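Just one chain follows, in the form predicted alone, and it is written as structure tokens.
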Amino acid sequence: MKIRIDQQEIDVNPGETILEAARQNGINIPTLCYHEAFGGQGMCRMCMVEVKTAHSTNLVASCTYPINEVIEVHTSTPVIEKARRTIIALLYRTAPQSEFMKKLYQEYKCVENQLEINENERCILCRLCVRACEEIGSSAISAILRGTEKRISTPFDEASTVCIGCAACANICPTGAIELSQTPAGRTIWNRTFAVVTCQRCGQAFATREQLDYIAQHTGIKGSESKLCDDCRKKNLAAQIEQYAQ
């Protein structure tokens, strides 16, 4: 199927989202709550685009809009840019301590609004961390409370007994909202400190024991391979392939 995005004709597979089709063809659409590992959520609305069909023209979230007919898409119009500026301005007031949001606020030349500023916050409630914990970790965190008090945390803000300390949530967070500290002695996240395991090859601390146990249980990677960091595991695999080829 052929569609047009910003006057560029491209081939797409039915069911692909507009965002997927755009990125596969080098067309940038800004996002905040999207990650290719989890697909679209349609929460932040930063990825809004204008879609023209044979019957109508609408603004839609490109990360969740499946392409099932011939359409024409515009990723940047005055209406869309105004909407994005408004979204960024609102999210910046929600999370003014985030350097990421501050940079976006300045980049889009947003206009001040009268909403109350949450002075100490860096979280924009994009929920990417929750998705990462559901898919990669152990569902240790979730959105708690309601309304203006809603935030991401462990149950009752206590150290979670199911958290494996993998830090997937902190690594995927776009605004740096999740507190993580690591020393040679341990990794602290979500009010819990985990002992860290060092790579047998390079000596770098790379995982918690709980994380390695979880990986072994769900992927079968254990033994000597489980004691190597990702980089050294890749080097080890490359050496084995090279030796096999000889």
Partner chain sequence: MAADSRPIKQKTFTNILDQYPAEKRYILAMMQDVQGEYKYLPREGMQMIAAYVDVPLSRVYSMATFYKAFSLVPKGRINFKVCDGTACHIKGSNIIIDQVYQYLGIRPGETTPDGEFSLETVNCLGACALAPAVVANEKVHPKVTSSGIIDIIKSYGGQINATSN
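Just so it is clear, the structure is predicted and the values come from calculations on it, not from any experiment. Positions refer to the first chain, counted from 1.
Only in words, not in the display: the form predicted in complex with its partner chain, which the text now covers.
Among residues of the shown chain, Glu158 is one whose heavy atoms approach its partner chain to within 4.5 Å in the model of the complex.
Although the partner is absent here, Ala170 is not a contact residue: none of its heavy atoms lies within 4.5 angstroms of its partner chain in the model of the complex. Proximity of Ser142 to its partner chain in the model of the complex: non-hydrogen atoms within 4.5 Å are present.
By the criterion of a heavy atom within 4.5 Å, Arg146 is counted among the residues contacting its partner chain in the model of the complex.
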